[in-house]
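Coming up is one lone chain in structure tokens, specifically the form predicted on its own.
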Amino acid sequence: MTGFAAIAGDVNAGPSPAGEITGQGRVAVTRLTLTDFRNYAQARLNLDARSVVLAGANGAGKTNILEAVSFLAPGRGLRRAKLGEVTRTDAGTEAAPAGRSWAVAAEVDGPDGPVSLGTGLDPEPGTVRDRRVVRVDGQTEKAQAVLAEHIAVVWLTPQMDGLFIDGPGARRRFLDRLVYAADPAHAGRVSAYEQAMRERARLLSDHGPGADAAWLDALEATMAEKGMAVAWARRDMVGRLAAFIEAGAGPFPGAVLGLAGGPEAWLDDMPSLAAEEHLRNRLAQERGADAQDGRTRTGPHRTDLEVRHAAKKREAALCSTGEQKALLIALVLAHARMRAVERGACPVLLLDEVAAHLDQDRRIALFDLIDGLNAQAWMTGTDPELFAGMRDRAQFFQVADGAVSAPETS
């Protein structure tokens, strides 16, 4: 177990959390166009660099717009949806007509100037396989990872409110999203590790520990190489993030972070190559037990992100619902600040229903912190009055039944 204290020692070489924010470049979506996306046949938002408030009734499509923005970055978006699930369906049907695709296009203004980004579903004729296409300034790219060169996106949704009481998998995915924002190649390493793990599990299930040794050796070598790279990246992220989350921000509490359950602790005691060899040896030794149990006992797929309320010295899972929400916001803000200091620009923040359960003081503090980060934040809510503190700092839109109104001018 890496634990809380061990991680704190890794942050000394990183940038100061008090690093300068004012005057940094802002990354902002200045135009967003949706085509056959969720409940939108067509929608277009013309924007400036300020934050965005989307107000409307539940089910109107506010979160769908945030999801569209999340697809401007690598990954599966804030709902982790399959590509085909995003396509708009015809009224009264549960599935989109065969061959219909969806698209999200945007103009993004960043420190290096404006860029046109586009992504969407490209069904492959004659197959059941869906492919995501990515274009930058009109040129089709081979991999979606190129999007990270132009925009980083971090989100907070109501579904994440149970992060600290859910299973380790939810916290692991949350941590991996933070890593992706800084290192898009992390997604490929996680995918390669998990694919090799599934292949090994299938081989052990079908043939037991006496299966083809050369094949098992090759799969375990991949798991060891990719797995320890994943572990190192997670450990590095937690170590850097610790410096920005420990003190908290305004009324949002500080937190102490740690990792448990995975091989990250090995990196405290041995170099990366030795840790990789250690994981490979453990996997070979545990073939029999893994075959019997039907699971892989050791590896970064068992890692858990631990969070403790710094002032109260209490595990997040034992904190009140309000404290857990404040801790989650503090984590997202700390990551945004870390990115701003390290990269000179804050990620675009997608904050779904973020104000609904905050008192007025915390709402105002949140808006002030967003301004201090020089961030473009996209926020949703049923009551626009919850965002009165952003009236002169954001552009407001009304969302209703798959349509978005022009921003208010008052």
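Throughout, we count residues from 1 along the sequence that is shown. The structure presented is a predicted model; accordingly, all values stated were derived computationally and were not measured.
FYI, the form predicted in complex with a small molecule isn't displayed, but the following is about it.
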If you check in the predicted complex, do Arg38, Lys62 and Arg79 all have a non-hydrogen atom within 4.5 Å of the small molecule?
-> yes
Does at least one non-hydrogen atom of Thr89 fall within 4.5 angstroms of the small molecule in the predicted complex?
-> yes
Evaluate Ala49 for contact with the small molecule in the predicted complex, applying a 4.5 angstroms cut-off between non-hydrogen atoms, and reply yes or no.
-> no
Is the gap between Ala356 and the small molecule in the predicted complex 4.5 Å or less for some heavy atom pair?
-> no
With a 4.5 Å heavy atom cut-off, would you call Glu85 a contact of the small molecule in the predicted complex?
-> yes
Exactly one stretch in 341-349, 362-370, 27-35, 54-62 has heavy atoms within 4.5 Å of the small molecule in the predicted complex; which is it?
-> 54-62
